[in-house]
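Presented below, as structure tokens, is a lone chain in the form predicted on its own.
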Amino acid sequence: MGSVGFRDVARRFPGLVGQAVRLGWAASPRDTVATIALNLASGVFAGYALFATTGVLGALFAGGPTPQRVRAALPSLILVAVSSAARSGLQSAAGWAQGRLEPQVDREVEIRLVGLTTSVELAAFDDSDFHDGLERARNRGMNSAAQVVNNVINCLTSTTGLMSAAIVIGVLQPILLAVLLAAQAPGAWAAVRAARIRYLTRFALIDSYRRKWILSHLMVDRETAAELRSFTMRTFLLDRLSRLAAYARDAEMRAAGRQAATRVTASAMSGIATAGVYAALGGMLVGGWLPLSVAGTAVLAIRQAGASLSQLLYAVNQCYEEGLYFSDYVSFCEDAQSRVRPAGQAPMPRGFDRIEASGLSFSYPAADALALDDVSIEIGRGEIVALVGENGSGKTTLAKILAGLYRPSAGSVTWDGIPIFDVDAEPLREQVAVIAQDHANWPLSVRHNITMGRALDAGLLAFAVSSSGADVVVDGLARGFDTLLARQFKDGAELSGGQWQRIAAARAFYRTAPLLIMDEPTAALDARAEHALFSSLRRHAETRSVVIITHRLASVRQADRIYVLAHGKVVESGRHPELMALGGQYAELYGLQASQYEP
């Protein structure tokens, strides 16, 4: 909060200008150069027009017949007309180039934000600070980027006009220039103070805005509509939403009052200072310090300088305000870049004989306890390895580390001795297929929901849907593989939880990866579909290794190795008969499930 004072703004402003120019250059070098050059040229012609005005007024105020004075003023008048026309044409051309630049800047910042967000380590999404930073960057921060570029260009335009008028005023009477600048100081103070109040208010309310958006989204979303009604949650959620909205409203109203008081004070001070400018000009005329023609030009120059200075202050204020939000975008991008997994140095093997995880430890951000604590397992080629245990024991976390999605705080995972975190992330993930417990239901066609961005292989697609049981789902859809899986759109279809789980399994089978990880792959399947899926696992294990996480222990009896986790540790390991003979936690859990089927 201490970094948004007036002095800090003045210190950071040149850097902001540099960021805006670099951003514009990255979006379109041609339009950036054209916009800047055309605005500078228009300022030069504005100065010519003012100087020529002195010649016009001098000729008109001279002695002699009126026709003679008009003829004497014609050359200067023509110069004023040509300069004004050139200025108008250049400003129009600059506006055209600036209009072209804005959408290109929008595209540049959006692609950069999404590119970085999709590149960060998965653990970043478990960090609330990352989410807050993303919210600020994605909403106001990203939208402010083009505004910052526009405002910097507007600053340049206003500065050029101001310099033209200031040069004229300085040549005519330097004292007027100092008085004019003093008259605009209150406006500059008010602009910066009002923007600071607005930014601090929005910054303090970002968590409330995010909670309010989440609540309103849940209340109008189709997926939660049925449960909201069946549990009669409408009044409860409306009350929470209303309290959040009232909290934000009160804070914004207090900020608006402070801003209004600031502007009223500045307007009064500016009015007094402006009166002083014209009083000084009148005194110079009465004292004979200025000729009448020079005074007339000075009035025009003062008006132009005042207008340019007002525009400059407004543009600087907008640069400052939007720059605060843009700095959120820049800060998030820097933070996201630091969370991107560094490039690996080792080549990724195409397969493996043995995967070894040794001494793995991992904790989530702000968590007090370790999610995994010194865990070691191994997976052989063609083996089915099961991870079992009660909820919260660390099974899913371990699977995500094996898939290269989480980086452990201690320990290593190797493929035939090659540490997987020493290789590039994308080649590693190409060698791993995952059926996630919380798989996404993408609003895409069935085909794209299975191929997931990969090139279409008709034979592999048929194999994937038959192995997962998704062929039954596809056959029941009106447009088959071309059916859009989103009821919100025309001709879209809705699948049940079990049908979606078959589609998710087909995704994993479509990827011909040597390691298949299945996290609760049958939680939503009926008994027949579950039996069919597990029956096909042994066939798949002939060409790939399978890691399966499940609470249905009857499904892992044929696994080559079973690891039992509890509180982030491996407490038992072995085959089903060995673990049953041990009489430990696995035997207890298996017995509890088996007892449910006894008379």
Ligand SMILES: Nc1ncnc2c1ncn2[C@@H]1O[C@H](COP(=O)(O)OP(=O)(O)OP(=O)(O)O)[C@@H](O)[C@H]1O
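These numbers come from a predicted model, not from an experiment. Heads up: residue numbers just count along the shown sequence, starting at 1.
One more form of this protein, predicted in complex with the ligand, exists but is not displayed; see below.
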Worksheet item: Just to confirm, Ile450 within 4.5 Å of the ligand in the predicted bound form by heavy atoms?
Response: no
Item to complete: Look up in the predicted bound form whether Ala371 has a non-hydrogen atom within 4.5 angstroms of the ligand, and give yes or no.
Response: yes
Worksheet item: Hey, in the predicted bound form, is Asn391 touching the ligand, heavy atoms inside 4.5 Å?
Response: yes
Worksheet entry | Heavy atom of Arg544 within 4.5 Å of the ligand in the predicted bound form | no
Response to the item:
None of Ser84, Thr201, Gln437, Thr274 but one has a heavy atom within 4.5 Å of the ligand in the predicted bound form; the exception is Gln437
Worksheet item: Looking at Thr117, Thr160, Ser445, Thr396, which has any heavy atom no more than 4.5 Å from the ligand in the predicted bound form?
Response: Thr396
Discussion item. If contact means a heavy atom within 4.5 Å, which one of 252 to 260, 363 to 371, 487 to 495, 316 to 324 is the stretch that engages the ligand in the predicted bound form?
Written reply: 363 to 371
Worksheet item: Out of 112 to 140, which residues reach within 4.5 Å of the ligand in the predicted bound form, heavy atoms considered?
Response: Asp126
